[in-house]
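Coming up, as structure tokens: structure 1 and structure 2, two forms of one and the same protein chain.
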Structure 1
């Protein structure tokens, strides 16, 4: 009887997974195997494939474009993963504040994540045009640099004066007192407006800021400026998604921990450092893993740039693969593409493994 049930369950199990298995095997397992085979062959999608040993890998090593793509992919992955993880945590901390309208703020914060990469990339490309809004904004900041500096100094001064005056009356007043902060903000705003009215701290630029963000070969640090623009686009859309993960993590931390810390006299920063951060370790692990996987396969933004940027300043490993498989107006080099694809896969696995071993571990360190 029992045996019969087992037998039935086995058959039912197989039947249930069959549809998914077909999809998984055809479009993943078989595909992965074929990529492996092609990486040792010479093939152009149409004529018969021929074996050529490790020639593709050798060709990869001597291809300067591949070295460039590899460097870009690595740097992009590290930069974006780091930035987006920090920003996602900050955003989650903000969204987790218990205030009225919390739901509204969460919805708005999440909003950038729902849009397609295509729409988002086009919007950002518009922002990043030479005559675009970003350059105009930078120009404005440049013009008002003096005023902005005065503004900061003024704020600090007013805040300090208030602090010294407040200290005389109440011992518990701190420099960052919220009431003083608000007053300083108000006074600074009025002061700045008056100064601006007299034209103090404002200068005329001899020519407008015209940084070429996309169609350029210049590099800043490890990445071409074009990819820095993509970094901005990418972070903008991924941070809200990752914020949700952190939010769930934050909600699972019991309030009693904070209450106890409060009683012990721990500051907000100490609470963040010794309660929130260690408790969020498992979430950070997920966020970083997803970040690495996601950034290494970043493709859409590069492809959507199209002829708006030179190949050398936008290429990544994922795009290198595509570019070799479907070169515009050339013969497909499937062997090269497959070899590069496997390098990409290996890189992903290695980076995830490194991340596992370097601290951002799965366990909470209580």
Structure 2
């Protein structure tokens, strides 16, 4: 009887995993095998494929567009993975604090990740237009820069005066006292409005800010200005998901460790360095791995830009593969596209192994 039950459970288990196994074989094993075969062939989707050995890989090495795509993909991956990991951790630390309205703030932090990637790309394209919201905001800051600096100086001065006056009566008063902060903020707002009414610190621009973010070939540092716009969009939509991973990791750390550290006189920074960060190492490995894979394979944001940006300023390895497989008005080069796809897969694997070898994924002992 027990043998029959075990056999039924085994059959039920195989029935549950069969759809996954079929999809894994068709969309991964078979697709990878066909890609490997095509990478050694000359094939244009219309005529019969012919073997050409390693000619496709040799052509990749001599193609300046491939070298440009490789450089863009590596720089994009390093920049975005670093920034989104840091921001995800900071957001998780903020969302983990027990404050009133905690659920509301967590919802607000997570909201960008549920939006459609295509919709967000179109919104960011609108923001980064020459007369878009971003340039208008930069123009307003440039116009009111003097007033903003006066506002900061005024706030610092009022806060310092309140601290010195309070310290005369109470030794425990700190410079960042919340009550003094609110008073300083209110007085600064009133003073700033008065100064703005007299035109102090405000200047008129000779012409509005009109930075070309998309339709340009100019570069800032390691990336074109167009890809920097994609960096901002990618971070905005990806950080909330990674924040949830860090938040789950933070909630798994026992409170007793922090209580013991406080009794020993450890500061908040020391608790973060010696308790929080070591115990988040496994989560960090997952976050960095997902970041590397996602950034190296980034495609949809670039594809949706269309003619809004020149090819040289937006090309990445994933888009290089697509551009060779389906060139606009040209003959498909499936062999080149397959070779580039295998290079991208190998690069992703190497990057993950490198970040694993530096100890990001090591687990800490209790």
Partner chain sequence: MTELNAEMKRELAAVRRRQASSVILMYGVLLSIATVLMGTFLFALMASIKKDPLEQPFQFWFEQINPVNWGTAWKLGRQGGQDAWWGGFGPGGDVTFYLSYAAPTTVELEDPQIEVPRRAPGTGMAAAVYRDFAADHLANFQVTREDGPNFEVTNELGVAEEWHQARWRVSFEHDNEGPWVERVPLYSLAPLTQVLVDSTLPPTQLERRGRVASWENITPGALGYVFNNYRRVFKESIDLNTGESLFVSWFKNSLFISFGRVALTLLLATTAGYALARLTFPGHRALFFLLLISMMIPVQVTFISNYLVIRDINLLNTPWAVIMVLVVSAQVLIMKQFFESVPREIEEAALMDGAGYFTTFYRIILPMSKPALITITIMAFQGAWNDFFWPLVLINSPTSAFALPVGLLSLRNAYGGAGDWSLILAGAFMSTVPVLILFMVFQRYIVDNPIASGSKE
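Residue numbers count along the first chain shown, from 1. Since the structure is predicted, the reported quantities are computational estimates derived from the model, not experimental observations. Superpose the two forms; the largest set of C-alphas matching within 1.5 Å is the rigid core.
As summarised for this chain, the second structure is the form predicted alone, and the first is not. Fitting the two forms on the rigid core leaves the C-alpha of residue 179 displaced by at least 2 angstroms between structures 1 and 2. The rigid-core alignment places the CA of residue 158 2 Å or more apart between structures 1 and 2.
If you fit the rigid core between structures 1 and 2, you'll see the Cα of residue 17 move by 2 angstroms or more. Taking the core as the fixed frame between structures 1 and 2, we note the C-alpha of residue 8 moving 6.6 angstrom.
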